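Below, in structure tokens: the form predicted on its own, a single chain.
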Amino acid sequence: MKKITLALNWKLYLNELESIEFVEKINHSKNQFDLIDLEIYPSATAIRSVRNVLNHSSIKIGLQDFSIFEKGAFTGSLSLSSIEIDCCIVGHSERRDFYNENDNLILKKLQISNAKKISTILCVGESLNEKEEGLSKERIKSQLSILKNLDIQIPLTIAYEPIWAIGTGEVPSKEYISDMLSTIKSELNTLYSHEKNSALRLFYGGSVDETNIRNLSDIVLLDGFLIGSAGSKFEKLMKMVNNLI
């Protein structure tokens, strides 16, 4: 059985103290995390505390998002150089929708993380309207088209997150996810060499929890999951881990 990666996007679910408490629980159960790869994306204000408390060296800590500005008079911004991290997320649908991030901005962020050689998750996914109009694959291909301007030098992950499934409890069928991942894989084959393409990972995200993760993990092309709210609850995380090992 292949080793699955769980990437926990804590969004704004946990504050600094709650993040520390969560990581302390991981420390006490760390042997159970040896058979999976774990990435944690805390709130930016909790990253330093999480890193200081965590005593499992194989667990990676990352930024949920970052600014295209390195330093200077940019109030409220956070650059990749602001704090020590292992990985980052780019293009999450909440950034696209709530903060009006377009493909040009997302490409700039990818170019920055690529130049700094920071492992990056690029999120792609279609809206409910696009799905109902049969435009899902076209939307994914459009979002991936920015990669033609990126000579990847980093471990890159594409996370397929249908917008209509995020936080709704509505999970696509395994066949649907598999078909979309195949589309992503085919598109990547047109952009990169076999050597680079073989190093790319494919994740699924969208209402993943302890009740469905084992079934979804059977999808052949799937390397891991980008998990939101369920990943911010330790008991749910442990159930997901136990269902995978």
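Remember, predicted model here, so these are calculated numbers, not experimental data. Numbering starts at 1 and follows the sequence shown.
Below: the form predicted in complex with a small molecule, not depicted.
Judged by heavy atoms within 4.5 Å of the small molecule in the model of the complex, the contact stretch among the candidates 125-133, 111-119, 86-94, 142-150 is 86-94. For the candidate set Ile106, Leu80, Ala165, Ile154, a heavy atom within 4.5 Å of the small molecule in the model of the complex is found for exactly one residue, namely Ala165. Among heavy atoms of Leu226, some come within 4.5 Å of the small molecule in the model of the complex.
When the small molecule is considered in the model of the complex, Lys11 lines it closely, a heavy atom lying within 4.5 Å. Within 4.5 Å of any heavy atom of the small molecule in the model of the complex lies no heavy atom of Ile40. In the model of the complex, the small molecule sits beyond 4.5 Å of every heavy atom of Leu63.
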